[in-house]
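The chain that follows stands alone, in the form predicted on its own, written as structure tokens.
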């Protein structure tokens, strides 16, 4: 086989791809062997590779450690080499990811992404883009009042991710709402974050009723990963589970809802509909009738109660009666003198 010849820049790029991250290291002799076997390069002198390494140290931050007469080359932990400069749009995306998905991503993924987050921060400090104060100008803000996140042991979430990735069951001690603690042998199916609380979606050994159970991760006291394989729920898809109201309580079988909103309140539903089949009809009194097909859940009830006297539930009748009962209870509560 004919021996290849590469330009200096091609050779240096090949070397750059071979430099490991500490604690692993390579010597010049290791690099020569790599170039000869993987790139079929010949006639390589140790001196030429040493010159290449001097340039790579200077330009790309390759570290060198001398032990005896030998130099060992490596990249430090957390370093990231990119030959394409990160632009401000991509940088902003990475930093929003760091800010808003931190509690969802496994620790190993966050560690792997850390160099990109670091590069993104440096990119946004560039005077050309003037994005250094981006945190003061970009935010995701919930419609509901933002409660403080439930505090949990990050290692528990990491163990759940490990069990999912390794396809293993685990034993956990869990505190129920009433304060009682109990041990469970769990088959994890997925993890969901809802507002400020993260939930484990799972089944467990000895479960009496069929279906998936939601465990609040902040109530988990300890986890022990087992050697046994989990019992997977056939066809489980976390997106379908959520779309079907898995984390919410469906109140009625009837999914055809009819509401009457004040005109000003109904305006936002024209821009952000309840459902794809939503209809808006203006009434003689100036209010707006809204119809849609949705899963009427506890969250929908709380959402509608937030509008106060700006909305009236027409149907389903059972939902209207439930709202009426709730409002009457509120009237009775507020009719008493405060303590």
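Residue numbers count along the first chain shown, from 1. Keep in mind the model is a prediction, meaning the values are calculated, not measured. By rigid core we mean the largest C-alpha set that fits within 1.5 Å across both forms.
From this point on, the text means the form predicted in complex with the DNA, which you will not see here.
Selected contact from 33, 282, 277, 70, since only one has a non-hydrogen atom within 4.5 angstroms of the DNA in the predicted complex
Selected option: 70.
Within 4.5 Å, heavy atoms only, which of 29, 293, 299, 270 is in contact with the DNA in the predicted complex?
Flagged contact: 29.
Even though the DNA is not shown here, does residue 50 get within 4.5 Å of it in the predicted complex, heavy atoms only?
Result yes; residue 50 sits at the interface with the DNA in the predicted complex.
The DNA contact in the predicted complex: residue 45, any heavy atom under 4.5 Å
Residue-level check for residue 45: yes, a contact with the DNA.
Is residue 11 a contact residue for the DNA in the predicted complex, using a 4.5 Å heavy atom cut-off?
Yes, residue 11 is a contact residue.
For residue 288, decide whether the Cα shift between this form and the one not shown is 2 Å or greater, given a superposition on the rigid core.
For residue 288, whose C-alpha is compared between this form and the one not shown after core superposition, the shift is less than 2 Å.
Cα of residue 71 displaced 2 Å or more between this form and the one not shown, core superposed?
Shift at residue 71: 2 Å or more after core fit.
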